[in-house]
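Only one chain comes next, encoded as structure tokens, the form predicted alone.
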Amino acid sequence: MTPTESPAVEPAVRDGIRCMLMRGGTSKGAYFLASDVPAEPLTRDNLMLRIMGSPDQAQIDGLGGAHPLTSKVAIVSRSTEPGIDIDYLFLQVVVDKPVVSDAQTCGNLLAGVGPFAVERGLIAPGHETTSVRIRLVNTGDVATAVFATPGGRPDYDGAAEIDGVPGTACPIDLEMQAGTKPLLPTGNVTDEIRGHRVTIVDNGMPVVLLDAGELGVSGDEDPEVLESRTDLTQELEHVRLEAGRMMGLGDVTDQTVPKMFLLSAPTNGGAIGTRGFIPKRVHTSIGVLMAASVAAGIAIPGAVGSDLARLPDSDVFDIEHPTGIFPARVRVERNADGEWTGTSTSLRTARKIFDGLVFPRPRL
């Protein structure tokens, strides 16, 4: 969605809006209560652009960190759905364009949703641990988050480590249950786009899998090297646009999905090597749901990357990325109708960075 109207200066500019900045997994974002932001999408998105400092490569006049991984928003509320505690709407605020996308969700910010809900009093914490059922509004999927709440407060300290984040923190277990979407959106294990063999997978995040070698790269290059290859990035964008149409997303020109993944044989003992485009910048690690989709894809016989992969004996797929390894716990099965289905479980961490008022700039 592209907000084109700049509303008049509103009280939020003068008085601020309650906001919590959190690291969730390997991303960072601004968390809001739904009751504290406008419900109307255009007005809400315009406000988020001004809060994050977009459009501007440096996001110098807002909270954003000049990278897609640090220009994210979570909007959280109590759910009215039976059996669900919390609704979580994710917004990707584009850094250098006046665009806010709700076409995808984010499994990294999802890690912070449960603790944020406890912090804001949306749910009552357990005595030692708390389990929260979360509906991902963007996709309809449901996740269960389990995290420590000793003394009735989220604990952000602990010994859990995840690659791409310095230090250690308290573990957060996330179990994802797929909605009604098919694991293979086109119904095919492989498709062909612009002469490239691809596998299109959605195990929580729409991704397109390609063989890195077919694109003339090894697949273990530094992100900056791949980003500098304009021939590569342009070709991947052509493939992405067509894949978006094929999987029913329509024109994805102004969206950040599907994510594009170049796969290569593992070199550090993992299941597969990855370089993920999100969609133009190369991810310095890998998102939770991206890893779940990649793992599900390579587990399907004949899919792109299945011949490169070193498949595990268990359901834990160690997905190699630029800054380490992400262990994705994924189960893939074929039902009686011949359709592939997938579920995923992952370990994440999160941390509260600040809690207070954010003051949006008066206008775009």
Ligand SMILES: O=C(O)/C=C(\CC(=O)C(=O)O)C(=O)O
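Just so you know, these numbers come straight off a predicted model, no measurement behind them. Just count from 1 along the sequence shown to find any residue number.
Here the subject shifts to the form predicted in complex with the named molecule, a form of this protein not shown in this document.
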**Asked** Heavy atom to heavy atom, is residue 217 within 4.5 Å of the named molecule in the predicted bound form?
**Response** no
**Asked** Is residue 114 close enough to touch the named molecule in the predicted bound form, meaning at least one heavy atom pair within 4.5 Å?
**Response** no
**Message:** Considering non-hydrogen atoms and a 4.5 Å limit, does the named molecule approach residue 108 in the predicted bound form?
**Reply:** yes
**Message:** So in the predicted bound form, is the named molecule close enough to residue 104 to count as touching (4.5 Å, heavy atoms)?
**Reply:** yes
**Asked** Just one of 263, 93, 208, 289 has a heavy atom within 4.5 Å of the named molecule in the predicted bound form. Which one?
**Response** 289
**Asked** Pick from 300, 37, 69, 308: which has a non-hydrogen atom within 4.5 Å of the named molecule in the predicted bound form?
**Response** 69
**Request:** Choose from 158 to 166, 208 to 216, 281 to 289, 233 to 241 the stretch whose residues reach within 4.5 Å of the named molecule in the predicted bound form, heavy atoms counted.
**Result:** 281 to 289
